[in-house]
Each structure stands twice: as structure tokens, then as C-alpha cells.
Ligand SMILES: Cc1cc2nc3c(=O)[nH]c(=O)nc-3n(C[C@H](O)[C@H](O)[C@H](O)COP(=O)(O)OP(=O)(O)OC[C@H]3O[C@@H](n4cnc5c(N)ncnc54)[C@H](O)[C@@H]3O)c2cc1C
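What follows is a single chain, given as C-alpha cells, in the form predicted on its own.
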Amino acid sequence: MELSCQDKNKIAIAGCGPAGIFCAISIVKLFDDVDFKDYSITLFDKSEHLKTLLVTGGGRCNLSNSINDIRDFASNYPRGEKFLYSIFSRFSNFDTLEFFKSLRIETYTQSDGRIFPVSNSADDVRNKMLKFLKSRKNIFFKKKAVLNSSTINDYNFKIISAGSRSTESLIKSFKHNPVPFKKSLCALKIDNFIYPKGVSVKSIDGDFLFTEDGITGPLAFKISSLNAFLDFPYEISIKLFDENKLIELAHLNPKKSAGSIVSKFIPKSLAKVLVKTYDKNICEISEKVLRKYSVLNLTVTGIRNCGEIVNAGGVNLDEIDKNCKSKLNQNLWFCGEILNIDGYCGGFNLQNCWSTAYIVAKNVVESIMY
């Protein structure tokens, strides 16, 4: 039972994913800084706490990315970029690293900018975050889903951080009009699939891998994110290599086969599919045709439920203020994936959780204190 002295400062957090847990920890730390104890936090979730964190970064937990310019960082979000300028200016990726350091979670940065815990263990990060909260007597966990606003009516301050499609009705119960949820960062199914299964390609547009009926990998995830709200089927074009370099090499090797020259730029098994005149001397093929080999045109017919998978859609950003506070309800905030914000692979979706959660925590604390 929560302490009676905390009745006026009862905080409810719906969702024990990355954003919800980070928000709770942030509230505790901010109150600790001013030695304020007259509050309680109750976290609601019927699922395992931080369950979604465990699969990030292939289990290694890709906490964030090292891009140091706020606008460059925010450009990695197909939805939410401009909204995040203000958010990241107040709690950046570097603030995040200091935060985790305070929880004794040290990090390192890969050459591609992705940031991981030194332990390379999402489970380790999860345990340390939960340990911090469970050591506090005024933090309560309820194994219960918040399905509508009535579940947490008795709380003075409400934070919604759940992120799945089932939360659309929850958002609506607070009189908000959510953007419909759509899956993003998914593998793609391709029409008339004739490509070499299991072959990876490093294209100008990005890296991808052919599956049994489509493509997966970073480029596929990016394409699915950019086109999350498009109806199937839709057309895509992938720039495989610089066609000018192919023309240059063709001029230097006129008697070599077209297939062997194209194979200098892409895997031979893919070249055999794309180059219909594989064994023909390259000097006998027009430049116009050669240039076409540099582009892979595909028809996307659907997605596969594999990959990083986040949800585009959620709370309309026009219905919240710069602190992620509802413009339609008193003392209601949203943070994390429930917002209509989603990013590419590379630690960007978790950074959205960390930053929006902290901004919410700070605003809640200020609302209570001042």
C-alpha cells in the first residue's frame, strides 16, 4: 500500500519498456538531487519488464549512436525529426551515456557509431536498471496492463510509455487521435523473386541480404521505415554501384565479358541474374544498357515479421507540447515508442525512448515541485 503522505504526488507509468523504466529512474534521480521524498511511482505492465530491450542490438543492447550534431542525429528519424531537435538539445545521446554511467553501465563505440555496453549484454543493462528501482520503497510494480484511462484515474500524474498497436484504444481513451500504427524496420518480400538466396550486397544505398523471398538487412529496414505508410505493392530502386566506373572499366577491357566486368562491382551470382548477356563481349553492349545494370528495381509486396521491428505511428505530435505533455488532458505525458516517432537502425529508437522519457520525468518533477 502506498504511503498516505504521498497521496497528492502519486505518479502512474503505463508500460515497463525502455522509456517507462528510464522515466521512473529519472524521476527518482531528479527528486534525489533536491532531497524530496514525498511521492510514489507505480509502474503498470502485464509483460516482463524491459522485455523489448533484451533483443536490441542482437542481444548486445545498442544503447545509442555517437553522432554529435543534434540535427544530424535527428535526421535519422523518418517521423519526428523536427520535434526531436528540442528534445535532443535538452537531453542528448551524450547525456544518456552519463546517465548509464551513473548506473555503473560503461559503454564503448563501434567504428560505425553504434554504442553498446561494455558487457555486450542487454540482460546486464536490464538488471541494473531494475535493481535501481526495486531498491526504493516508494516504487511499486503492478503486473497489470493499462487498457484505458480509468485504470489510472486515481493517480495525480500519468505517464503513458507503452508502445504496441494495442495502445491505440488507450490513446483514444484520453481523447487523443493517434496516427495508425504501422510496422517499420522489417524485412521485405519481393515480387517475382529470382535472386540468389543468402547473398549479401554492399550497394551505394546500403547493405542488404537476399532471403528466400526478399531482402533483409540495414537497407531493407530503412526502406520499410521510409515507406511504412505506403500501400503494397510499391516500387523501389537500389543504386548498386557507380555506373561511370563500370563504363570506364568496360572501355579498358572491351574484349572481356559483360558479366565478368559487372561482377567486379556486385556478387557474381547476382550479376548472372541481372546481366542477360553475361558472356557477350562488353564492347558489344551499349552504354545505355550497361548503366541499367547499376540499378536494381524491385516490387515490394509485403513485409516479414523479422528484423529490428518498431512501430511507426502513435500519439500525434501536434497534440503534445515540447515536454511531451498532452494538450488535451491535465497532468498527462507520453514518451517512447507510443509517440509517432521512429528511427532507423543504429541506436536511434532507444535514444528516442531515453530522451523523451527524461524530458517527461523532468517536467513531472517540476510540476510537483513548483
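Throughout, we count residues from 1 along the sequence that is shown. Remember, predicted model here, so these are calculated numbers, not experimental data.
Omitted from view is the form predicted in complex with the ligand, to which the following refers.
Put simply, Ala162 is close to the ligand in the predicted bound form: some heavy atom of it is within 4.5 Å.
None of the heavy atoms of Ala24 is located within 4.5 Å of the ligand in the predicted bound form. Within 4.5 Å of some heavy atom of the ligand in the predicted bound form lies at least one heavy atom of Val55.
In the predicted bound form, the ligand lies farther than 4.5 Å from every heavy atom of Lys327. Site residues Cys16, Ala19 and Asp45 are all in contact with the ligand in the predicted bound form, judged by any heavy atom within 4.5 Å. Contact with the ligand, judged by heavy atoms within 4.5 Å in the predicted bound form, is confined among 312-320, 25-33, 297-305, 46-54 to 46-54. Between the ligand and the residues Ile139, Val146, Leu246, Ile266, the one pair within 4.5 Å by heavy atoms in the predicted bound form involves Val146. Residue Leu170 is the only one of Ala187, Ile238, Leu170, Ile190 with a heavy atom lying within 4.5 Å of the ligand in the predicted bound form. In the predicted bound form, the ligand lies within 4.5 angstroms of at least one heavy atom of each of the following residues of 339-370: Gly347, Phe348, Asn349, Leu350, Cys353, in sequence order.
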